[in-house]
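Here you get one chain, nothing else, as structure tokens; it is the form predicted on its own.
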């Protein structure tokens, strides 16, 4: 037995770090193969990250988009899961060091995903809100609701406006979908929940540093999404770069500024590298580990990286593949097949990304979808967006719960999960001066 109580085996040991889209896809591909697989994650659940914004805005409870990792692996022989934080990789010993002990590997796969990139701005990191995990989404949900509760308690109009002013930085899918959800809450829920509060004064500001939102999608999708947002009452600010946020004032590199109690940072992500494989020569732009066409970390025959952490440079993707679910799933599946080929001493197949399109929802009956040969917006796109997200959720229960919630919310124009389960304390006195 090892320090983690993993039994010795005649099969080669493959350690997967991370239970996200890539890690789970890889684990499934290795099921019933003659290998011992150990999956390590700091959480005991897989998170369906594309729907985190719905947890933040009270549309879904967190257990609707989370699935136990052990349940994913329960029918797989020679599979083990350990709840741990990986602290360091020691390639020369073929060993990883975690907070519960060290363990040897024959093959190691990094599927650590990504984390919020504040681009070195520690003030925004300290005072802003991020939304990359379920705990962070619950914090944001509590803060949004607490702001309205605090707004009820003050007679100071200036402070009340700041409490009801939301600034979202980043015009990608996360920022756009979150802005749309908040706009629908303003329109359909706040007047009923807070009849003694002038919710017409609620402001939702979406700030994008470039000249259009959803820049990875077509110009038509970008323009349509912007029209949808503006019709919902969202103020879209383009070519504006946020400079600082002290918890009270959002300053930009222009003359524009916002006094707001909430800044939500959705302006970028970076690879979640691990000590031991974080040397500058191993990383490309975005803090991603440089890999070859087989997802093999450059310079290490037994170490691979898949998903957001993998930086596979090519002529088509000079900065690596998009940090989204589809490339991660496809890389995980391809690597699963390649590891079996490697063990059988057969040539591996290079990874070729099959772009299945991109999409974003802006609210009720409003979405944009870009497929390879077909682009559409509006109600039909919204139904396609819902079907695709339901399909990729893990677990029948999760699909049913999310579907029932969406149907109920659609019919009743409601979001039942607007609960402050774990209060998020913020200093509101700063707005009184």
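The shown structure was predicted, so the numbers you read here are calculated from the model rather than taken from an experiment. Residue numbers count along the first chain shown, from 1.
Same protein, other form: the form predicted together with a further copy of the same chain, not shown, and the subject of what follows.
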query = Thinking of a further copy of the same chain in the predicted bound form, which stretch from 190 to 198, 339 to 347, 283 to 291, 239 to 247 has heavy atoms inside 4.5 Å of it?
reply = 190 to 198
task = Heavy atom within 4.5 Å of a further copy of the same chain in the predicted bound form: which of 107, 81, 351, 228 fits that? Just give me the one.
result = 81
task = Work out which of 384, 371, 390, 401 lies within 4.5 Å of a further copy of the same chain in the predicted bound form, going by heavy atoms.
result = 401
query = Though only this chain appears here, would residue 279 touch a further copy of the same chain in the predicted bound form if you measure heavy atom gaps against 4.5 Å?
reply = no
message = Does any part of residue 68 reach within 4.5 Å of a further copy of the same chain in the predicted bound form? Heavy atoms only, please.
response = yes
query = in the predicted bound form, does residue 321 have a heavy atom within 4.5 Å of a further copy of the same chain?
reply = no
query = If you check in the predicted bound form, is residue 211 within 4.5 Å of a further copy of the same chain, heavy atoms only?
reply = no
Contacts with a further copy of the same chain in the predicted bound form - residues in 150 to 164 whose heavy atoms fall within 4.5 Å = 152, 153, 154, 155, 160
